[in-house]
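Consider the single chain below, provided in structure tokens and representing the form predicted on its own.
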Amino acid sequence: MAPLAMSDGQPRSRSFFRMNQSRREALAAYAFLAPNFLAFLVLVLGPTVFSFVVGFTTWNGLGMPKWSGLQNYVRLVKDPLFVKAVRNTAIYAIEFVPLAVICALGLALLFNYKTIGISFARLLFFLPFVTDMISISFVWMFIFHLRFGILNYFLSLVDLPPQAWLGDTKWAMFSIVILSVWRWMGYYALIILASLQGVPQELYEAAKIDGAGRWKSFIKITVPLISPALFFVVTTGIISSFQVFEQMYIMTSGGPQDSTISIAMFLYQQGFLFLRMGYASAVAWVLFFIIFIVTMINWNVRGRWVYEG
């Protein structure tokens, strides 16, 4: 009887461990996905959850965190410097996004003309985007320099007084906006250009036959058909403007009189200068929810101006 039992069990064991083609493919797929999944857990999800928990503690980054509940968030609401940082960031976004979109749209219309050297011109305007922001900030510091800046030199040619572009509360934020627009407009222009080149020329010919001029064709044909690209540019511009940090840190360090301190710079100061990691984590999550809410509002109103036909 014992040999019979062994003979009955062996086929069952082999059939249990036998793997068909679909199961082998699934296992191979899981094996390829495992490194990325582990990296996501360790490098993205793990730090995100840790940051969220730390936001409810008092921690200097060295010892053990102490649970403080909502104290960090209550403190943020009462912190005048944080309120000023939120206001400065909003002002930056309101100035940057429209200027960047308008300049990028104008560049895209110029790039759409087929002429000699147009590819080289596109490359020149795209180079600032791939150049390090810190290097760009140092260059623009010399441009805005009170005594030796080229901008004040041009003002002197027309008998205008020099301006302390980075040292005056009236001009500091706008000067940083100009730098940011100069850096981003080439990248945004190429995105809009790709959409422009997809507009059927037959529509312009039909509009011309109907007596429509260039401006009317631009408003009625071009803008609606490239509105998805404009929506992408506006959305990414809003997100990047709320995360602005490098140019303000290098050029003004948040001054003068905290007129250019942003939320990201405030977060950096609290976390890495004052070692208030719990407070900085709370700032990070407030910044996340601000970006999320603004993006959702923009997403929900897209149906009013974005053509999706």
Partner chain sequence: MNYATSYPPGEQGVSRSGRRRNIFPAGKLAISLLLFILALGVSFPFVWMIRTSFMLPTDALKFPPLWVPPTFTLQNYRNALTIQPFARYLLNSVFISTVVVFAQLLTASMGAYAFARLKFPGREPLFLLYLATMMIPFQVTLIPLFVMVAKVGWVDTYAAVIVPAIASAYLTFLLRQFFMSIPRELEDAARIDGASYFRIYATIILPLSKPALASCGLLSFMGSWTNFLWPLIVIRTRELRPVPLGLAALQQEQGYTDFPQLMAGSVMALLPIMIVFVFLQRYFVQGIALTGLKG
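Numbering follows the first chain given and starts at 1. Worth saying up front: this structure is predicted, and the values here are computed from it rather than measured.
Below, we turn to the form predicted together with the partner chain, even though it does not appear here.
In the predicted complex, the partner chain sits beyond 4.5 Å of every heavy atom of residue 167. Shown alone here, residue 237 lies farther than 4.5 Å from the partner chain in the predicted complex, counting heavy atoms only.
Shown alone here, residue 57 lies farther than 4.5 Å from the partner chain in the predicted complex, counting heavy atoms only.
Put simply, residue 36 is close to the partner chain in the predicted complex: some heavy atom of it is within 4.5 Å. Residue-level contacts in the predicted complex: of 150, 206, 74, 160, one residue has a heavy atom within 4.5 Å of the partner chain, and it is 150.
Screening 93 to 101, 80 to 88, 169 to 177, 131 to 139 for residues having heavy atoms within 4.5 Å of the partner chain in the predicted complex returns a single hit, 131 to 139. Contacts with the partner chain in the predicted complex, taken as any heavy atom within 4.5 Å, map within 237 to 262 to 243, 245, 246, 249, 250.
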